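We begin with a single chain expressed as structure tokens, specifically the form predicted on its own.
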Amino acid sequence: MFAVTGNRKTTATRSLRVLAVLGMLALLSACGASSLVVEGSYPTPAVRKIPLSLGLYLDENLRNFLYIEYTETGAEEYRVSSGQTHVQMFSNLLPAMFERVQVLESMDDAAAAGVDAVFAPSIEEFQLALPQKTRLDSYEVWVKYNMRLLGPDGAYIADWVLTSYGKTPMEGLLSVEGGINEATVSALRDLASNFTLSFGAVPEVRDWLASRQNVVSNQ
């Protein structure tokens, strides 16, 4: 009896030790996640400005957008913050496209700002492909956006989906963080280009532009 009891105690002690080690490993994995704040530069498109005023509303979800890449065991591996670089990209892009752009703190400010419409984008999906997982020689980023154009009173004008893609080779990069950064910046530049070229082709946007031009010409 005493021998059996001793074995049970030994087994229980070993189990507790194993659990403690596993807990420590999980904690170390969480603490070891690499954090990256994406930074980049975005060219201003050379296009003819639309003679209208636009309110730009970027909500907290976009401003603070964070993507987390996990390991196969479920531990956090990379924390990618791209909200502020999205703010920078939209802040560069839209003033080049519209006669006047007013940044709005909330949708309630649109009417007082005297804008013709409000642009309020959101990020629906962010995907990251790492070469150490895909066995390819490049970093890739895909982003899916929901683009919304609203009236100053919040009424619907247009709502459409736009995707962007960025890719950068491993060659010449000194770190994984650098590869993620460059691929994300490349995806945002792709978004800026696609948005500039496709904005007026969205049927609802095209109809709205035509109606506003008629209003302006009749004033």
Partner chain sequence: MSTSKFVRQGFPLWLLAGLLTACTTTTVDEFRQGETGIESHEAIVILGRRQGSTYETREEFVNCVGERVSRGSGAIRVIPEKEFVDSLFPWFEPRTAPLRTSDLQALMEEQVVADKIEEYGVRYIVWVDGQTETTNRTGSISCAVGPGGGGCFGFGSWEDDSNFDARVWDVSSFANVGTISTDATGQSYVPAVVVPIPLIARVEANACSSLATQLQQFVNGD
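Just so it is clear, the structure is predicted and the values come from calculations on it, not from any experiment. Positions refer to the first chain, counted from 1.
The same protein has a further form, the form predicted in complex with the partner chain, not shown here; the description that follows concerns it.
Asks: Of the options 158, 36, 52, 192, which one has a non-hydrogen atom that comes within 4.5 Å of the partner chain in the predicted bound form?
Replies: Among 158, 36, 52, 192, a heavy atom within 4.5 Å of the partner chain in the predicted bound form occurs only for 192.
Asks: Which residue among 178, 32, 43, 154 has a heavy atom within 4.5 angstroms of the partner chain in the predicted bound form?
Replies: Residue within 4.5 Å of the partner: 43.
Asks: Give a yes/no on whether residue 61 approaches the partner chain to within 4.5 Å in the predicted bound form, heavy atoms considered.
Replies: Outside the cut-off, so no.
Asks: Report whether the minimum heavy atom distance between residue 165 and the partner chain in the predicted bound form is within 4.5 Å.
Replies: Heavy-atom contact with the partner chain at 4.5 Å: present for residue 165.
Asks: Determine whether any heavy atom of residue 66 comes within 4.5 Å of a heavy atom of the partner chain in the predicted bound form, and answer yes or no.
Replies: No, no contact at 4.5 Å.
Asks: Contact between residue 197 and the partner chain in the predicted bound form at 4.5 Å, heavy atoms?
Replies: Taking the distances in the predicted bound form, the answer for residue 197 is yes, it comes within 4.5 Å of the partner chain.
Asks: Need the contact residues for 46-70: heavy atom within 4.5 Å of the partner chain in the predicted bound form, sequence order, or none if there are none.
Replies: Going through 46-70 in order - heavy atoms within 4.5 Å of the partner chain in the predicted bound form - the hits are 46, 47, 48.
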